[in-house]
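In C-alpha cells, one chain follows: the form predicted alone.
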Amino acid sequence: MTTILITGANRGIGLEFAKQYAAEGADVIACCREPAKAAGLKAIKGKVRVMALDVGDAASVAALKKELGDTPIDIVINNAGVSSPKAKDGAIDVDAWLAAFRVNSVAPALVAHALKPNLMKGKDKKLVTLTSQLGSIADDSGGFQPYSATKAAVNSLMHSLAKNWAKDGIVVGIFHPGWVQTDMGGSGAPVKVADSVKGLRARIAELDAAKSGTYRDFENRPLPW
C-alpha cells in the first residue's frame, strides 16, 4: 500500500490529489491548517487521515513530525502555497513579501527536512514540490513579483536537494501544475483541476533518478530555469 502525504489538501489541487489517490486505494495523509473545517476531505471515501499542519509555522511542522513518528511515507507532495501582493513602484510591503517567501519557499524545504526520515523508510522515496512556470527566470515577463521570486527560490532549493539527497535514494520532482481553475488560478484558467492532477500523478509515477531535480509541467514539458 502506497502512503502519500499532501500539504494544503483542503481545497483545489491538494484536495483533488487526495480524491484521486484515495480512489486508487492509497493511504492518504491529508494536511491542512484547520481539519475541523475540511469538509471536502472528510467526504472522501477511502483511507484518508486528516492532520493539522500550518506549513508556515515551524512549530506546526515539528508537531506533525512528532505525531507521525516513524510512519513510512512513500511520497510527500508539497502543495500548499499562497499568492502574494503585486509589487508597486516605490512601495514594498515587506511583511507580505516575507510571508509569501515563508510559505512558498522556506516551508517546502522545512517539510522536506522534517519528513526525510519518513521518506527513507518508504518504498518510493519521492519528494514532490508544486511550483509555477512564473518561477522561470528565463521566461519571466515581469509583473508578478514577489510571487515569481518565491517560486524561483523553491525551484533552486529543490534542485539542490535532488543533488544532495541522491545518495539517500530520494528523488525530487519540481512540477508546474498549469494555470488551473482553482481559487488562486481563477475560473477563467484553461486547465481543469482533475486534468492537472491526472497529469501530475503521471509525472510522479514516472519520476526516477534520471528525472530527479528537473523542472517540468504537468504535461511533461521541460521548463527553462
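Being a predicted model, the structure only gives us computed values, none of them experimental. Sequential numbering from 1, following the sequence displayed.
There is also a form predicted in complex with a small molecule; it is not shown, and the following applies to it.
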(message) Can you confirm whether Ile73, Gly173 and Arg201, the three residues that make up this candidate site, all sit within 4.5 Å of the small molecule in the model of the complex, judged by heavy atoms?
(response) no
(request) Sort through Leu64, Val48, Ala162, Val180 and report the residue having a heavy atom within 4.5 Å of the small molecule in the model of the complex. (result) Val180
(request) Look up in the model of the complex whether Lys211 has a non-hydrogen atom within 4.5 angstroms of the small molecule, and give yes or no. (result) no
(message) Can you work out whether Asp27 and the small molecule are in contact in the model of the complex, taking contact to mean some heavy atom pair no more than 4.5 Å apart?
(response) no
(request) Examine Ile13 and determine whether its closest non-hydrogen atom to the small molecule in the model of the complex is within 4.5 angstroms. (result) yes
(request) Please run the contact check for Val128 against the small molecule in the model of the complex: heavy atoms, 4.5 angstroms, yes or no? (result) no
